[in-house]
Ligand SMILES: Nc1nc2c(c(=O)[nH]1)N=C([C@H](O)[C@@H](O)CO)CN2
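A single chain, nothing else alongside it, follows as structure tokens in the form predicted alone.
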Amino acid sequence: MTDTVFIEGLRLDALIGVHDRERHATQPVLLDIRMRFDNRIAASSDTLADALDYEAVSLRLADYVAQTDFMLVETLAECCADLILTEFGAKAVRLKLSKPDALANAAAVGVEIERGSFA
């Protein structure tokens, strides 16, 4: 199975960071997500209930991230990947989490993780 459902550039506000300036207000984070999922049943039935609902994933992540106050992007990325795997039945997740406003002289900083196998 090589099917992938993706969400690119999901912009969410998060209270995240280790510096004092990051602990007083939310800042944007961007998520690029690739989820391994067998799309054959959904393709055959043409029914959302059989699909990996990317809108439901994005709304759940928005709700989750709004409630967190992690210090590290590594922690937030790990928790988001785990949420997708456990709540939405994805077989694997590749997740890139970026903080576009973290450094004045960089477009973004962040982490990329993979949980499960895309092989």
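Keep in mind that this is a model prediction, so the values were computed, not measured. One-based numbering along the sequence shown.
Keep in mind that the form predicted together with this ligand is missing from the display, and what follows is about it.
Novice: Let me test this: is every residue among 19, 99 and 103 within 4.5 Å of this ligand in the model of the complex, going by heavy atom positions?
Specialist: Checked in the model of the complex: all three residues contact this ligand.
Novice: Please identify the residue among 42, 56, 71, 62 with any heavy atom within 4.5 Å of this ligand in the model of the complex.
Specialist: Here the answer is residue option 71.
Novice: Counting only heavy atoms and a 4.5 Å cutoff, which of 44 to 52, 72 to 80, 85 to 93, 28 to 36 contacts this ligand in the model of the complex?
Specialist: Residues of 72 to 80 come within 4.5 Å of the partner.
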